[in-house]
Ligand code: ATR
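Here we start with a single chain on its own, the form predicted alone, put down as structure tokens.
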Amino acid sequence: MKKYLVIGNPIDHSLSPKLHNYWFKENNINAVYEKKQIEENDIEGIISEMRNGKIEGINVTVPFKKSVIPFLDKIEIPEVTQSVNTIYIQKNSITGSNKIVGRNTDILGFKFSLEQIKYSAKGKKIFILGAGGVTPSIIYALEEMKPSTIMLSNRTKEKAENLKKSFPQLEIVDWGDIKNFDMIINTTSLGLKENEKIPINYDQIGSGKFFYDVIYNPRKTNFLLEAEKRGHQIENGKMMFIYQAQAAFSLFTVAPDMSDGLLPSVNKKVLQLLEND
């Protein structure tokens, strides 16, 4: 039986095993997908397990999307993102050699999640909270959508300034200083715990804004609940999660002859499966 993993810290909230195991069963694939909480110094050992054939593929979540990169043979990502969320084995049926490859499916996941709800970021003022592992992928995706402005605020300003080196058009804003926006995106981990709150004075924000949280479990973070109370449009990261997982599953199931992998269905059954959590 083939084995797949999602690694991160924390990892309890991840629904990746539930989704991938469902798709494995639907496609009659003899495989199991598990989650594993690790520390930074565990990464090399985990990748070694892939080289030894004990693990077939890995998804990566916070805070290891950048730190896995040095241990891979090859990365196929936009360089400015420096973010890998899917690691798979690229098999060559002719030479018999294997390469451990890193990809980024977060970019597609975010893009498809907005397309699914028919939200256009073109010409909009976008405000991003956080500068962590998924943030560069979201900025990269947004740039292709042609917003008028992308603003970013992070608790540690140095991290925000480092992102500006890769994305010069970013407007850096002090943490807690909320500028006028059309869409605000929380990419921080604030919200995974019930008592955590983002420093926003919701009553000073105009009407008709769009609040997007990359967190999908819990379904409604305080960030989204407070916005919903005031009539704003809200969206959690569930569809982004599903679409990035769909692309990852396709990479996991690529055949040795390099033919396309399986693209599992995203339908009502999948949505209901995750709605129960």
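A residue's number is simply how far along the shown sequence it sits, counting from 1. Computed from a predicted structure; not experimentally measured.
The following text describes the form predicted in complex with the named molecule, which does not appear among the structures shown.
- Shown alone, this chain has one stretch from 147-155, 99-107, 117-125, 78-86 that lies within 4.5 Å of the named molecule in the predicted complex by heavy atoms: 147-155.
- The candidate site formed by G8, N59 and F71 is entirely out of contact with the named molecule in the predicted complex, as no residue has a non-hydrogen atom within 4.5 angstroms of it.
- With a 4.5 Å cutoff on heavy atoms, I178 does not count as touching the named molecule in the predicted complex; it lies far away.
- Although the partner is absent from this view, S113 stays clear of the named molecule in the predicted complex, with no non-hydrogen atom inside 4.5 angstroms.
- In the predicted complex, no heavy atom of L170 sits within 4.5 Å of the named molecule.
- None of the heavy atoms of I138 is located within 4.5 Å of the named molecule in the predicted complex.
- Contacts of stretch 99-131 with the named molecule in the predicted complex, defined by any heavy atom lying within 4.5 Å, are made by G130, A131, listed in sequence order.
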